[in-house]
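This document opens with one chain alone, in structure tokens, the form predicted on its own.
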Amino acid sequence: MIQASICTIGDEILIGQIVDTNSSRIASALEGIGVRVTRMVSFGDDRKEILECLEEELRRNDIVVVTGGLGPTKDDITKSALAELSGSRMYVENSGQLGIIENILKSRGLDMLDINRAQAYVPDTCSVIPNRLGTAPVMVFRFGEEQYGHQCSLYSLPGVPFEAEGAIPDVLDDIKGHFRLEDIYHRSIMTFGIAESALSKKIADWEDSLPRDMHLAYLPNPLTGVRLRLSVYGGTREEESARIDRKFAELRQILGEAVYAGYDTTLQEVIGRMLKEKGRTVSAAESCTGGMISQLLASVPGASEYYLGSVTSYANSVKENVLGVPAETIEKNGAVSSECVARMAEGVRKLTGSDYSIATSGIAGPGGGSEDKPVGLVWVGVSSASGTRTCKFMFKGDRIRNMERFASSALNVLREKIMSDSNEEL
């Protein structure tokens, strides 16, 4: 199988000044055409280090994709390092990229400077893929067996994320034209409500039974739960799809309702599909989640068909005066209680006229907790015509992580409520 390494160049990445988003986009694109990414490496603007690292990556891999260090300033040294690496003796002007540079500068009302023109000059050892979105071209270097023990290619992309992303389709086309590729097939199954460690223990025997060419990855996320991804390298898509279908059918038998989808998705997308299929609507009353549930629901295209609105009732006065929570309920049980979230859910459902409603009240932290109600405690209420259900959860994390877990747990309770109502209708 063709293997690739992705290298990012720039001191700004190493010191945390910018976040490297290029690597993940490039890796995803390469996997999609059957190239297995084995390594991601970052190194600074040091000529010797660039040369040593790239030579090591070329020895290890068939393809090396480099981003960064191609700008007009003096600290951008990738081009000269690649010229040395490839044994270039001179630079040549690429007329296609020069024309793009002229048009970009003209559109911005800028004059052509020597440093701008210099970006159209490339080592005579490379071929060029024009960068239509910027001034630095994509340079392609090809190396034979005599240099690294196998034929390999290096693609040097600009570091600006939207320029790098824009160049990816042309790079993929070039790879397809120069390498014999095999299929890589990935499928995911989405789970919620079971921790990664507990999940691993529960499916240990199933995982041990996987064929040698199937690889399982655990991908936890506080907003979506644990995504289990099966990957098969080689074979045909039709064959591997059928094999993974059989393994996932076994997994569903083991995990039951903890599985909420057999493909990459989110809780809010699954809930949206369920509500649209049944012609139902939903609303929200949020305290500790501060509108996060509403944002997640509204982030799904077409949410206006089923999401009616919400009340962010942070203060007790809003819980009482807007949602109709009795003052004595809060006085007796506290705002963070089963009784309070039940009344909140019922209140917002009545207020908006929705079929379903969801409510949260908890302590996100870092302060505000007590012995009886510690930081990380949340109560969730979900209401429909069939009744109101409340659930209690405990988490340990910082404020934002707690809020994310509060919101996703609440969405999962809503999902279970919709499923339960559907089963009763049957």
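In this text, residue numbers run from 1 along the sequence as written. Just so it is clear, the structure is predicted and the values come from calculations on it, not from any experiment.
Here the subject shifts to the form predicted in complex with a further copy of the same chain, a form of this protein not shown in this document.
a further copy of the same chain in the predicted bound form is approached by Glu165, whose closest heavy atom lies within 4.5 angstroms of it. Under a 4.5 angstroms non-hydrogen atom cutoff, a further copy of the same chain in the predicted bound form lacks Phe141 among its neighbouring residues.
In the predicted bound form, a further copy of the same chain sits within 4.5 Å of a heavy atom of Pro366. Although the partner is absent here, Leu414 lies well away from a further copy of the same chain in the predicted bound form, with no heavy atom inside 4.5 Å.
With a further copy of the same chain omitted here, the record of contacts in the predicted bound form names 155-163 of 155-163, 84-92, 239-247, 173-181, defined by a heavy atom within 4.5 Å. This chain is drawn without a further copy of the same chain; in the predicted bound form, the residue among Ala118, Val322, Met214, Leu223 with a heavy atom within 4.5 Å of it is Val322. Contacts between 17-49 and a further copy of the same chain, taken as any heavy atom within 4.5 Å in the predicted bound form, involve Gln17, Ile18, Val19, Asp20, Thr21, Ser24, Ala27, Ser28, Glu31, Arg36, Val37, Thr38, Arg39, Met40, Val41, Ser42, Phe43, Gly44, Glu49.
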